[in-house]
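Below sits a lone chain in C-alpha cells, taken as the form predicted on its own.
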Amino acid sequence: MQQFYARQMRLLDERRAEEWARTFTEDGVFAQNIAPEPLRGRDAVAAAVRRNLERTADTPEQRRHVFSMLTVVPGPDGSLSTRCYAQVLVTPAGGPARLHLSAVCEDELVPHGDGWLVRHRRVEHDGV
C-alpha cells in the first residue's frame, strides 16, 4: 500500500494529471469536505486536477503530497479500506518549505491487475 500511495502522489507532484486520474476506477469518486459535491468518474477527476495544475502553473513552487500513518483493513470482497494522514508541503523558489494543508484521507481500493485502483476517496481537510 505504501508503494501504491508513493507512486500515486509522485504522479500528482510531477503534474501528471491523466496518469494520476488513471489510479481511480472509471466510476471512481473523489469527495472533499471543502467541495459542495464529489467528483464522479475518472474523467471528472482528471479535469479537476488539470484545472488545478493550470491554476498553479506559473507559481514558482514545488508541492509535495505526503501520506503517512497508514492503516489498511481488508474487505470481504477483496477490496481494502485505508486511512491515512495527508499533508501538502509547498516550497517556493529560494524559500523554506511550509505546510499548505493537513487532512485525513480515507480510500476504498479495489484490485486491478497486479495493483490497486481507488473506487472512493474522502478527504477531510483539517480546520474546516
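This one's a predicted model, so the numbers in the text were calculated from it and none came from an experiment. The first residue of the shown sequence is 1; numbering continues from there.
Absent from the display: the form predicted in complex with another copy of the chain. The rest refers to it.
The chain is drawn here without another copy of the chain; in the predicted complex, the stretch among 51-59, 23-31, 38-46, 99-107 whose residues come within 4.5 Å of it by any heavy atom is 99-107. Interface membership of L117, defined by any non-hydrogen atom within 4.5 Å of another copy of the chain in the predicted complex, is ruled out. Taking the partner from the other structure, another copy of the chain in the predicted complex has a heavy atom within 4.5 Å of a heavy atom of P92. Heavy atoms of Q87 reach within 4.5 Å of another copy of the chain in the predicted complex, making it an interface residue. At least one heavy atom of D13 is located within 4.5 Å of another copy of the chain in the predicted complex.
Residues Q62, R64, H65, V66, F67, S68, M69, L70, T71, V72, V73 of 41-76 are found to place at least one heavy atom within 4.5 Å of another copy of the chain in the predicted complex.
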